[in-house]
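To begin, one chain is listed below as structure tokens, in the form predicted on its own.
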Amino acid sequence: MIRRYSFGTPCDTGAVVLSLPEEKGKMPYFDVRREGEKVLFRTQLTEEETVFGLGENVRGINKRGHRYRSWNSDDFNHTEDRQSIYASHNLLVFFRPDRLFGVYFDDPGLVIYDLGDARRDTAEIVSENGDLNVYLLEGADLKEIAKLFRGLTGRSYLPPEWAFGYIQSRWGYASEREVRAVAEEHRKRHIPLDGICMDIDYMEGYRNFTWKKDAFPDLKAFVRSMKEEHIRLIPIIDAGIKTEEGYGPYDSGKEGGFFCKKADGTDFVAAVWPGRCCFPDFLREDARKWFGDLYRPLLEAGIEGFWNDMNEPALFYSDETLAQAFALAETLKGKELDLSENWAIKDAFNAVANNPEDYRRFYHVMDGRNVRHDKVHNLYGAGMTRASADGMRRFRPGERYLLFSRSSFVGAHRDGGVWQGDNFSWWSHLKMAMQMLPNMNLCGFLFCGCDLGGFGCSTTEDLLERFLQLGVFTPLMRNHSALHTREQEIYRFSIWETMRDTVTVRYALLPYLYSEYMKAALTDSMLFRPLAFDYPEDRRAVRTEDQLMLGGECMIAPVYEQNAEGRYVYLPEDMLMIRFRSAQDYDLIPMEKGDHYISLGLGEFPLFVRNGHAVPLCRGGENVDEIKTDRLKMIGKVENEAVYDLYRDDGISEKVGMDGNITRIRVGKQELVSDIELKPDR
């Protein structure tokens, strides 16, 4: 059951696709009160209560015990004290033996969640705008709550099959020669590869929708030659459009009036990578149409996927904030600064980026009226995703595309995926990336993954290898790093063969991973789940924070500690452990329910298969196009019979569905493995 409660004058955020009547009377579970513009929702928590949700955010799977903010923020320092990063996914699920419900706050502005921070026994959610719809979801179990939410907000994005291949990326690839060298190193060492991302250095002066003609003299031919090698190029697109007459996107945006305006009607201007920029009003349909059409030259060159960035939107400075900082500096010039003045001048210049005042300086047009940006701030990245997706659909109707974004809001999960932002090469960020996955899936974002190896800082051999082991299972498997950090392409490390072998497991498991992803999207379910979703009565499973359920058959338990040679795992039931070293080299070890310490050397990682189930494993390949599902090994411990529904389609068509694309595989009694031959899949 889903019920809608309305407060103030809500706007249509685009998050919800299901039309529901407004409920009258008191909202269950919460004490609700209005304080000025704000609306406060308070509920009591028991000691055994678990709180899931909030999608992409810091800390653990259980969000209880911290204060969070829904405010999309360009903040790369993802430490535990952070209250928000790049996304706002306003779903919470409260779970205890005698109480289960979900609640979605459809509010595009600032929402604050105190989930037992001020008081351990109290959760308080505050809508600063006070204009919102609240949707209450009640179901028989946690999985039903997730399904209800997907029914409310729409089906998750379906990427092409090639997007599940390994992708190499780095801020700094600036020429065709450099990109070719990366591709050649992978191919000659037989490191699987399906995509190479191009960061801002491919552009002319960091201007969107341009490329350096001297560095990429014939982009169309380059894209074609890479595709012949089964490698797609994936360029970055940022949100800001450089204010420069003669630059096509600026001229057409200015002429059409598609940029966000200040109160006086002039264009809002702030700096990003190319310098001073205007910002498309992605909340307007005509502006989205204009922006989506700007992708056409790159699409005509053969590009099939993009990643969108800087779309919170990130602001390096505005003339106004910069002037304020310099004015303060001028008043203090020549003085011996006291302690307060010393901190004031530091704070003034630190505050020029992403300044709250700047987000109050410009407006959007919604339903024919001007709306100040801060009131709808969290919709901006989702609007860019929608514009990009619509542009690609218009150009190649009926075909799937790759698109993943940094900033997002619920609703963007229908148009593209996300990556988890500019993480660091920290062991804590490896664990955090794993813990984000189930809550992102709960909020509809199935196609996701982190920057493997870490974006900032310099990675180490063992850290990158352990990141790759997690990445084997995430839909987006991308190695990405920042300029001026250690180059972290696999082939640069002394243990590159170990890393290569790890990536081969991804390709051997691709029939299973692609099948489980597509089934999850098409049936409104989750790919990754907290153990509580499958074992709600097992208190130990409910409290487990470093293991995840994967698909219908499996559990993962990554190694996330430096110098670890193994780890403890808790098995809620008997399972078969596959201890992988490569696609062809693995151990099969039946294990009983309970606690175990498992030995996992640097090149080893586990996948657990529930007894009575079997998962497909193929021979793999060096790209997705080489993957065949006509000959499979079905791995599992089966007492009587196991049935696995393998999803197979053409990998690119938008017309998909369960009917006609399921091959039912029956596995008779087997101890560990059997060979299966199917009809060719293409």
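A residue's number is simply how far along the shown sequence it sits, counting from 1. The structure presented is a predicted model; accordingly, all values stated were derived computationally and were not measured.
Missing here is the form predicted in complex with a small molecule; even so, the following discussion is about that form.
Visitor: Please determine whether each residue of W171, R406 and F455 possesses a non-hydrogen atom within 4.5 angstroms of the small molecule in the model of the complex.
Guide: Every residue of the candidate spot has a heavy atom within 4.5 Å of the small molecule in the model of the complex.
Visitor: Determine which one of 563-571, 309-317, 114-122, 388-396 lies within 4.5 Å of the small molecule in the model of the complex, judging by heavy atom distances; exactly one does.
Guide: Of the stretches listed, the one contacting the partner is 309-317.
Visitor: Can you pick out, from D358, D422, E604, E489, the residue that has a heavy atom within 4.5 Å of the small molecule in the model of the complex?
Guide: It is D422.
Visitor: Going by heavy atom distances of 4.5 angstroms or less, which of V542, M577, L476, I236 would be at the interface with the small molecule in the model of the complex?
Guide: If I apply the 4.5 Å criterion carefully, the residue I get is I236.
Visitor: Please check if D199 has a heavy atom lying within 4.5 Å of any heavy atom of the small molecule in the model of the complex.
Guide: Because a heavy atom of D199 falls inside 4.5 Å of the small molecule in the model of the complex, the answer is yes.
Visitor: Contact between W273 and the small molecule in the model of the complex at 4.5 Å, heavy atoms?
Guide: Heavy-atom contact with the small molecule at 4.5 Å: present for W273.
Visitor: How about H480 - does it come within 4.5 Å of the small molecule in the model of the complex, if we only consider non-hydrogen atoms?
Guide: Because a heavy atom of H480 falls inside 4.5 Å of the small molecule in the model of the complex, the answer is yes.
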